[in-house]
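Take a look at this single chain, the form predicted alone, given in structure tokens.
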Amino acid sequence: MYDFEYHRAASLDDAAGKLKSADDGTLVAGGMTLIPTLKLRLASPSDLIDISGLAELSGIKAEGDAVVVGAATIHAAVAASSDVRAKIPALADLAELIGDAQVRNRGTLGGSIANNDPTADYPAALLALGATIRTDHREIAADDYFEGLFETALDAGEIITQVAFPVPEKASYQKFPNPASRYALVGVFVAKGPSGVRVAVTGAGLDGVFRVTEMETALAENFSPDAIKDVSVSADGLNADIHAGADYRAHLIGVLARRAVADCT
């Protein structure tokens, strides 16, 4: 790794100030994405600002018709939360499927969505549930947040503080994991809630997470696996690598979407 200055933020304002004053500062919480990136010399920040200990960025609470999760909340806490289990069990199931026990006890929600990683799990939940990303400056709808491969709507120096997940009528997340990394070769999150039926796919798109509107339309008329059995997703624009080809990922989207719908009913 390259040399950098390490800072442990005392508060959100302190983190924002240190980030602003750094030549090329980067936030770190769990470090599950950042540390490997540093080791591979794909990033060389001048300063690392540690926000993992900030209580104001951690925790889970029910807030009206939503569950609000702090950005520095670890995956294991989401998986074990009684509020999440009671109101959005599919979100708890998703968190329980992330990586291994070590990753779940270090990785955070904010870190997972700060980059539009094409294989991350949480982006599918945000998009399918119509979540709102709260930062130290504003609120961003999930539909407006993910902008392309490793690209988001976050401005330079903007810090994610919370994510508000609307409580759906029903939801399910189905994942086909890479057996080694546990990243999603394909993950499909189906939700029926205040904003209608939404189907979000992670792990497959070259540009990251995306919605399958044809499935959403079919399920809005008939919420059953049969309603989407003939809906196919084009392999164009899907990822192809040593683990799975684009055609295989396209097939998996249909299979996992039907499983998710069946799990909801």
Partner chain sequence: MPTVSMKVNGVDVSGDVEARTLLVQFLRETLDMTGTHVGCDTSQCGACCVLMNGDSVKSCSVLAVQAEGAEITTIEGLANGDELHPMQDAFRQNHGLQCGFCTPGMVISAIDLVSKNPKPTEKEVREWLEGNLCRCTGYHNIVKAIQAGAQAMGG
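Residue numbers count along the first chain shown, from 1. Please read all numbers here as calculations on a predicted model, not as lab measurements.
There is another form of this protein, the form predicted together with its partner chain, and it is not shown here; the text below is about that form.
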Exactly one of 54, 212, 218, 28 comes within 4.5 Å of its partner chain in the model of the complex through a heavy atom, and that residue is 28
Single option in 87, 182, 170, 134 placed near its partner chain in the model of the complex, where near means a heavy atom within 4.5 Å: 182
Hey, of 18 to 26, 252 to 260, 5 to 13, 237 to 245, which bit sits against its partner chain in the model of the complex at 4.5 Å between non-hydrogen atoms? 5 to 13
4.5 angstroms heavy atom contact with its partner chain in the model of the complex for residue 35: yes
Just to confirm, residue 100 within 4.5 Å of its partner chain in the model of the complex by heavy atoms? yes
Spell out, yes or no, whether the shortest heavy atom distance between residue 105 and its partner chain in the model of the complex is within 4.5 Å. yes
Answer for residue 229 alone: is it within 4.5 Å of its partner chain in the model of the complex, judged on heavy atom distances? no
Could you run down 131 to 162 and flag each residue that has a heavy atom within 4.5 Å of its partner chain in the model of the complex? none
